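Below sits a lone chain in structure tokens, taken as the form predicted alone.
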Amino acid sequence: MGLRERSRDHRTSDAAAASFAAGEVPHGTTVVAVTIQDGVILAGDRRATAGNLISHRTMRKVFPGDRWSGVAIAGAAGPAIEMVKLFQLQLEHYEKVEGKALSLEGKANQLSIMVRGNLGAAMQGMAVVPLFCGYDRGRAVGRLFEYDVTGGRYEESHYAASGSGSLHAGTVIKLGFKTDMTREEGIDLCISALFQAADQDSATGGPDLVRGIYPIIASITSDGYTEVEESEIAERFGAMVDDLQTATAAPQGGRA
């Protein structure tokens, strides 16, 4: 490592240390979910912030719960990731002990208990507000749930958003949502929602073409939890940007 790299790393670590000393811990930001024909699309940007510092550019915010469910996290990064790991372990343990998977409703309730257990930390500024989605094999539909910091669990019919950019992302989804969307339409809508949220909210990370960083997006259908390939996400982002540039291009020519 050269002198320039070491100096830059020291500046970054010093800034991070100063931020943490001031009581600011890394927070993950915007995550969204929409229902589609055969399940749910779950997506999250990659940026984590500590105050006005970008603490991580490649944070993972979308995780499988088990084969048929997924969790997207927003809030204090450390407690959120720890919560997801424990949640995954509990679902796996239940299935091994009982010989069958917990119902989707039961999984949503279990996560609610865990969020409520974090209430003390939330009151100190380390809130965790996840989204939980899954494919209900009994009903043969995708379902999604959102939470508040007290552990309140609310099932949403069509879409949900959480995190600092949720207002902007939720508005984009509300305007673009339609029932019985295909997988591709759901992915495109989530991509658009995260892109517009990043345009308005500094804590939400947009696509980073230089570093090759894109949101993590997963589908949960009758085939189970599947993450969308990064190459497909990059291609769809490119197509969306091309469309935006075409739509906003100034008209050529003028009055004779």
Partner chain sequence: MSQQFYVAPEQVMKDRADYARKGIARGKALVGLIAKDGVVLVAENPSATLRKVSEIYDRIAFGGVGKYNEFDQLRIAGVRHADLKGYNYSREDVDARSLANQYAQMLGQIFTHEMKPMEVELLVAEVGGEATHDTLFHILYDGTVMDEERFSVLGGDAEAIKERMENLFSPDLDTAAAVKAAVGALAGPDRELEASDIEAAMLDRDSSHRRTFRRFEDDEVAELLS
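A quick note: this is a predicted structure, and the numbers were derived from the prediction, not measured. Numbering follows the first chain given and starts at 1.
Absent from the display: the form predicted together with the partner chain. The rest refers to it.
Contact with the partner chain in the predicted complex, defined as any heavy atom within 4.5 Å, is confined among 142-150, 156-164, 86-94, 104-112 to 86-94. None of the heavy atoms of E184 is located within 4.5 Å of the partner chain in the predicted complex. In the predicted complex, the partner chain stays beyond 4.5 Å of every heavy atom belonging to R60. The closest heavy atom approach of G138 to the partner chain in the predicted complex falls outside 4.5 Å.
Although the partner is absent here, G99 sits close enough that one of its heavy atoms falls within 4.5 Å of the partner chain in the predicted complex.
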